[in-house]
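Consider the single chain below, provided in structure tokens and representing the form predicted on its own.
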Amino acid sequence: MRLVPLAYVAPATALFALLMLYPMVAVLRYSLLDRAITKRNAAFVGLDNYQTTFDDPVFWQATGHTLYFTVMSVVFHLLLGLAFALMLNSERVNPTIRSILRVLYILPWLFTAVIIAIIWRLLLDPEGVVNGVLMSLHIVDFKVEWFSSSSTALHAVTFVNIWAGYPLYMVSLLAGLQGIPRDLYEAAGIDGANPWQKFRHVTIPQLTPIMISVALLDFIWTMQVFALVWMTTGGGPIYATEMLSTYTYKLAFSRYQFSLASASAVLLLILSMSVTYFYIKHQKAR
């Protein structure tokens, strides 16, 4: 009878081991070999692949871009999500308008990365709508190549990811706002608190656990974004938007250096797991 509970979880455990653990162990093994996959009797080289990766300036450039892309996305996801959640929770906004705004604000969440990439490549094309509007308002006097210029490509990709990801925060924070007891606001009002003080001392503390949880998850997911970057810029121009995900992909499937790609993938895994540790620690503390 003691084995019955184990029998229930055995299929899921086996599937997890087959689809998750085995590939992770295989990639870790490849990262310690020379010319893994392409060579039948690959030699064990220890940490040489990691040293080669660390010596590659493109790796550090991709790491910097990934951190910038991730941090900016998480910060603005939080700010936009909180702003829209407050708007949709406000009684000053007409209920009909609130319903319409909820549909409009959640639309980016319904699109796949491929559709989002196609939409914004059309909008940010030199002949696209964005340049047309900016030029008509005399904000710019030339057609900006948002995805083709090394000075604007990273910012453009980050902006697109911000637009695509804020609904997660909006929905989570809106649910949190609707769960805050009104008694807290009434008590604060009796104590003479103004709207800003209520927001600072009641709303923010009540939403902090949700914001931390969602932000940590978003950080982990955003570090691994591949499809959006690949479909918009492909990591270019000249490594201007190279991320760790695109860097690893190119090592494996453009240069066929699977050992180096495995080492890069393991480093990205370690970076993700370090953030995961803080997420699990926070969840346990809650």
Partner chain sequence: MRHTKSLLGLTAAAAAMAIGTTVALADTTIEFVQWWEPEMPAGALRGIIDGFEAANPGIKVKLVSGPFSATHDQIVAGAASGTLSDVVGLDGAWVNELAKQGAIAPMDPLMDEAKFDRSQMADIIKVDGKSYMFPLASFVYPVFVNVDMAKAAGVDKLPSTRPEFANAAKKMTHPDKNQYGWVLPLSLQVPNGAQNDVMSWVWASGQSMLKDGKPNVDNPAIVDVLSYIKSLNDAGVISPGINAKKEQDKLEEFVNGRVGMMIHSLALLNLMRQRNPNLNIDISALPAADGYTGKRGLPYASWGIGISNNSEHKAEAWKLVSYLVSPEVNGKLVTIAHAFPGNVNAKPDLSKADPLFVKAFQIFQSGKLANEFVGLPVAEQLQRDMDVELQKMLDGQETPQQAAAATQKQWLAEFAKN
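Positions refer to the first chain, counted from 1. Small disclaimer: the values here were computed from a predicted structure and weren't measured.
Another form exists, predicted together with the partner chain; not displayed. Remarks below refer to it.
- Using a 4.5 Å cut-off to the partner chain in the predicted complex, not one of R102, S172 and P209 places a heavy atom inside that distance.
- Of the heavy atoms in F147, some are within 4.5 Å of the partner chain in the predicted complex.
- Of the heavy atoms in G189, none are within 4.5 Å of the partner chain in the predicted complex.
- In the predicted complex, the partner chain sits within 4.5 Å of a heavy atom belonging to P237.
- In the predicted complex, none of the heavy atoms of H65 sits within 4.5 Å of a heavy atom of the partner chain.
- For the candidate set K198, R121, R98, H155, a heavy atom within 4.5 Å of the partner chain in the predicted complex is found for exactly one residue, namely R121.
- Proximity to the partner chain in the predicted complex, defined as a heavy atom within 4.5 Å, holds among V45, L28, I37, L217 only for I37.
- For the partner-free chain shown, R121, P126, E127 of 118-142 come within 4.5 angstroms of the partner chain in the predicted complex, judged by any non-hydrogen atom.
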